[in-house]
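Shown next as structure tokens: one chain only, the form predicted on its own.
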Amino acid sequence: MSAVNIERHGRISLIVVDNPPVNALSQTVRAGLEKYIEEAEADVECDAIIISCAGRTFIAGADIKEFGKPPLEPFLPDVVSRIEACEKPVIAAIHGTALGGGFEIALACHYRIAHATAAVGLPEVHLGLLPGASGTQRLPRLVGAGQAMAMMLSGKPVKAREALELGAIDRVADSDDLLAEATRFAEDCIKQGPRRICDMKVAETEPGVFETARKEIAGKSRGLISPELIIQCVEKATSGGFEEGLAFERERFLECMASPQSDGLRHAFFAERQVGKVPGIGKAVSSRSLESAVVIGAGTMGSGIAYACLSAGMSVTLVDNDDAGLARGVKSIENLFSGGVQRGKISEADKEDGLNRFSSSLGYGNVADADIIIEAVFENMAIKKEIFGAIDKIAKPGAILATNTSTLSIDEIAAATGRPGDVIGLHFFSPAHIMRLLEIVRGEKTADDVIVSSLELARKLGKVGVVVGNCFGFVGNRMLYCYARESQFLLLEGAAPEFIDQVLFDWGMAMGPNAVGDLAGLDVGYKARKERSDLPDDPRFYRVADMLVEMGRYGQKTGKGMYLYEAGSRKPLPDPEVAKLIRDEAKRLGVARRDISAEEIIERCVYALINEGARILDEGIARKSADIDVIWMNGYGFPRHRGGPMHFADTIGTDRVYATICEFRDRFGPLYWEPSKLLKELGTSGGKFADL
């Protein structure tokens, strides 16, 4: 059966797109739509045309298989124009989602009817693009410039009833028989004839609407060009003719498509969809049951994990060995539910349902019945081994025993049990109920179905699960040590903490490394370093952070860390006492201080990430460079439009990265700046991490 088919029902022609799984706008779909519009228009016994889709959704966007390849005729803008030019009324019958090019096809139709559960939207901004098939010109003519910009700049789909109120669609079908309602609607459309958006004018725009939009995107879209170009396209829709607007939109679309930002965002899109495929584990391996969980440790992390599991519909018991600590954890979970109700994220009924599935315990009693036990206590090997030895004796056969360690050996923890195949690392990121990343750490003996179950848990929790190998710090924190190491050295060499943070924030990082340290708690990293026996014999290594911790300056939780924090505020304030401490320590260590450029800060911090990432790939700790990128974009605030550290290296050239690291080696010594074997291979051969 072809991807597009046509059939006639009385005097109405029905064009059906059937291109599973989401009816993407492949070349065959575009050609089929164009062909059958022309056929139906020429059919003297046809009075109207309905475009609908088989399966679970209307056209959900472009065909991602065609991304990055030369476009094939017919081009989408031409198909859209051909649909609109049809002399017979064309009606879009929308179910599921009409997104991106799919919604632009619907906008080309003369009328739109949508099932009550449907949604429409233009999410191109998430890929660093703008609607390139007349969306920026048509939508403002239906809903007004301000609303059109809001939809395009957020990229969020709009439900059918809201779309009707806005004017984006013409009718909502409440019955399950969408085609029957669309057919009845078509009879009304025949009487009115074609109604073309290209003939409409944009409603008078309120003063200041574009200036307001620009102010709103300033903080949200740092470094991105597509939001500003979307605004420019909508401005053009309000001030020029339709054809002029189309030409303007096309130029801006091609500008976006050619930008490294869109390339990075498209890389992120694909990487996150491929990350769940683990080589060597086939589809025949199924997940274990994941209905009930025990979370051991009622601190901030444990409470967040428990709430995330409750929100996913699981039954959860929170366990702690301290009465007061357990009470705080229970209260924290109750507050999270209450906060969700207040923000409109969940209903009161959802809150009650979640709390009905929640219990707490001072002992391990509930461990015996749990499908998965997640340990989330202090980052201390002795404590973790003691806990795993205890739960091994109680947990039912087949239960998954997971540790939330961020640095420690999964194999050593698993050795404390008699079932190492059931043990896995689940490294949640704080706050655990919000952060999207779940680093899934497989041990040497972890069973395949435990890995599959962990990926399924990530999906249930709405997280991106990435499977990695076992070493100190795994992928994310192992690389973080190198990134933050350079920040710490730069402090001693003359760069102020606020300057380092501002430079990296302006480059695109969600936060600078010094602000991150204060947020996470400087004592956390300090304790982790104390667990290690492999640190370099270098008195400068994390010296500033260690001194602050030893002074009781842990960060935001103590009101002092690298920065000062006023009571009730999270805003970091430069502290003259810390500046003096750094100067004095640099003098004591014999570190010469100098002016340091923004370029050096970026290169030293980011290239340190890339070099360590290459080592991780060489050792097989990460399976592919895109996995590293997903981890750093979702867990560490690396800018999505740069595509992650390894994609960024490919973008600017591995030869450039390699040459600069060689310069740093010659300048600072080989202890930290010896180029990895893999980076040397790629950098001297013109290779890319993506090609591995």
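All residue numbers refer to positions in the sequence shown, first residue = 1. Keep in mind that what you see is a predicted model, and the values were worked out from it rather than measured.
Below, we turn to the form predicted together with 3-hydroxybutanoyl-coenzyme A, even though it does not appear here.
Just one listed stretch, out of 619 to 627, 63 to 71, 47 to 55, 633 to 641, contacts 3-hydroxybutanoyl-coenzyme A in the predicted complex at the 4.5 Å heavy atom level, and that stretch is 63 to 71. Within this chain, Leu437 is remote from the site of 3-hydroxybutanoyl-coenzyme A in the predicted complex, having no heavy atom within 4.5 Å. Though the partner is left out of this view, Phe269 does reach within 4.5 Å of 3-hydroxybutanoyl-coenzyme A in the predicted complex, counting heavy atoms only. Put simply, Val16 is far from 3-hydroxybutanoyl-coenzyme A in the predicted complex: not one heavy atom of it is within 4.5 Å. Among heavy atoms of Gly473, none comes within 4.5 Å of 3-hydroxybutanoyl-coenzyme A in the predicted complex. Of the candidates Ile373, Met562, Ala93, Ala133, Ala133 is the one whose heavy atoms come within 4.5 Å of 3-hydroxybutanoyl-coenzyme A in the predicted complex; the others do not. In terms of contact with 3-hydroxybutanoyl-coenzyme A in the predicted complex, the residue from Gly613, Gly517, Gly100, Gly425 that brings a heavy atom within 4.5 Å is Gly100.
Taking a 4.5 Å heavy atom cutoff to 3-hydroxybutanoyl-coenzyme A in the predicted complex, the contacting residues in 21 to 36 are Pro21, Val22, Ala24.
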